[in-house]
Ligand SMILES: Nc1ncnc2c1ncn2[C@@H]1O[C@H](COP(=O)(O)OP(=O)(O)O)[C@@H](O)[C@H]1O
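Okay, here we've got a single chain as structure tokens, the form predicted on its own, with questions on binding and movement later.
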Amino acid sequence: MIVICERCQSRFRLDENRIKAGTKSFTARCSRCRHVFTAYRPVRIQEIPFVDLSAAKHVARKGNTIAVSNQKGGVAKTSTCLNLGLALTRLGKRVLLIDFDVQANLSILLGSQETTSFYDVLQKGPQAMAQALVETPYPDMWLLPASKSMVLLNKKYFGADDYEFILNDRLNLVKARFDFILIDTPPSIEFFTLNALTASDHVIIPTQCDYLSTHGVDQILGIIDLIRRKTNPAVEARILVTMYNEEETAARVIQAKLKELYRGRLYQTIVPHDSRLREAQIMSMPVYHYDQQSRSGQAYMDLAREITESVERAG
């Protein structure tokens, strides 16, 4: 069997007889990058039913497909995806949100959990992609939901030829309908994150101003460098400071360190620590709809303007 390191994507051939009979998963260590990860006895890898693989690999970039990603959880990835999406609609943009995380937090916030997901899209013909998009309660904002069945994608297709291009292949069927596509990713490197980064023009890396969060930034930047070399040479990344408390000395120090370490790669917008944002999550709504005067809601509007202006300049 072939084992693929989830960090560096190195492939190794492993004698299945070394795995205890009946064991579905086991711990492996990559001999190149030394990363320890959980590997799975493979379900027979299936051939991917691409619509147009050539277009998926060479699609013209417009700058409007954005992944929200960080290998550390709790840094406001899902909140950023939802609230930035709403802010873009308020600027007159049509937005598609893609929940590409098995936990389906974005789908839960939008009331669309346990519905059709990307897994179902791949089991049907090309027309299934458009049919799977759900209209949200907010004008001009659509959602491709996630569900628990998406875990099967990793088992069926991870390691198949050109598996990193499968999301972009299906997105090409609907891209023309939207001004922006935002992809919420899980806090791990596997099928979902690799597909999202391959399909994206830009990556937003949300991070808090704490010591451990900066390590998550380094990890995702390393993965993005790998993606540039292997599948998507044009992808760019910028860092978004979230949940920032300017009254904390440690937060101010780390924010200054981030600006020094990643000069020119931070968004000007900073999303402040805001109790209204947590309250809005409890109510399952974007913070701007919960409180139009909220500081975080205003910050996401500023971020939306910053992003649209950048895309317009590049175009």
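What you see is a predicted model; the values in this text were computed from it and never measured. So that there is no doubt, residue numbering starts at 1 and follows the sequence shown.
Keep in mind that the form predicted in complex with the ligand is not shown, yet the notes after this line are about it.
Note that among 175 to 183, 120 to 128, 78 to 86, 155 to 163, the stretch whose heavy atoms approach the ligand to within 4.5 Å in the predicted bound form is 78 to 86. Think of it this way: in the predicted bound form, the ligand has a heavy atom of just one of R252, H35, K259, H273 within 4.5 Å, and the residue is H273. A single residue from the set G73, P233, G92, P139 has any heavy atom within 4.5 angstroms of the ligand in the predicted bound form; that residue is G73. Although the partner is absent from this view, M243 contacts the ligand in the predicted bound form, with a non-hydrogen atom inside 4.5 angstroms. Contact annotation: T269 falls outside 4.5 Å of the ligand in the predicted bound form, judged by heavy atom distances. Although the partner is absent here, R263 lies well away from the ligand in the predicted bound form, with no heavy atom inside 4.5 Å. When the ligand is considered in the predicted bound form, R278 lines it closely, a heavy atom lying within 4.5 Å.
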